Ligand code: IPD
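Next up is one chain by itself, shown in C-alpha cells, the form predicted alone.
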C-alpha cells in the first residue's frame, strides 16, 4: 500500500483522536452519567467525544464506514459485509468508570481497518497529552518517540495488565485466570482502560496483557501499536487474532507470551 494514503489516514486519526480528547477534558465536572448495562456507564463526554471524532472523519472520508462504541445495541457489531470496506473504529472514552470517578486513566482509541487489517491506529491520553500512533509497516510512536516492547521473557519477572468485564462473577473464567497468573507473575494490574494497557505494552511499561470480554473498539488501535513495536498478538486460545471476534493475549516477547498461555486455563468462549 502506498505511503501517501497511510500518511493521510494517520494524520486524520491523530487529529480526530485529539478532538475527542479535547471534549473529554472540557466535559469534566459537568457531565451526566447513565447506565447502558450492568455496571457499564456512559456519559455526555462519551457522546460528545464520539460526535467530534465522527464529524471530522465524515468530512474527510465520506465514503468510509464508522463504528463507534456508543451504539444502540452491541449485538449488531459484526464484521463488514464487504472485505475491502474501510471502517473507522472508535472508542471515544475508554475507561468511562475511571473518568466518572476522576481516576486519571482513560483515553480515546481510534483505528482505520479493512477486513482483518488495521491500517492506522491512535490511542490518545488527554490528561498526559500522550499520543500513541502507528501506521502499518511504519513502527509505533508516542509524541515522536519510537516505541519498543519490553525485553521481559519470563512470567516471574512480568508486570501484566488485564481487562475484566464490568460485572465479574466468582466462578468466571476471567477471574480464575487472574488467580492463576497472580501466583506466577511478578504482579497484575487492572487499570480500567484496555486501550491504555495496550499502549503501555507497546511502550514497554507493561510486559503483557490479556482480555476476553471486549469489543473491536477496545483493541483495534492497540493491536497495531503492539505489533509495530515488536510484540506478539494472538487470540486468547493462542490462535490467530480475529478483530471481529476479539479476545486476546499480547506480550512484548514470544517467550513470555508462551508462558502466559501455558499458565492460563483452557479457553472456552461462551
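Note that the coordinates shown come from a computational prediction; the quantities given were computed from them, not determined experimentally. Residue numbers count along the first chain shown, from 1.
Beyond the structure shown, there is the form predicted together with the ligand, which is absent from this document and is the topic of what follows.
Under a 4.5 angstroms non-hydrogen atom cutoff, the ligand in the predicted complex has residue 166 among its neighbouring residues.
Proximity of residue 96 to the ligand in the predicted complex falls within the 4.5 Å heavy atom cutoff.
Within this chain, residue 115 is remote from the site of the ligand in the predicted complex, having no heavy atom within 4.5 Å. The ligand in the predicted complex is not approached by residue 60, whose heavy atoms all lie more than 4.5 angstroms from it. Residues placing heavy atoms within 4.5 Å of the ligand in the predicted complex fall in a single listed stretch, namely 157-165, out of 171-179, 142-150, 121-129, 157-165.
Distance criterion of 4.5 Å from any heavy atom to the ligand in the predicted complex singles out 194 from the list 134, 111, 194, 108.
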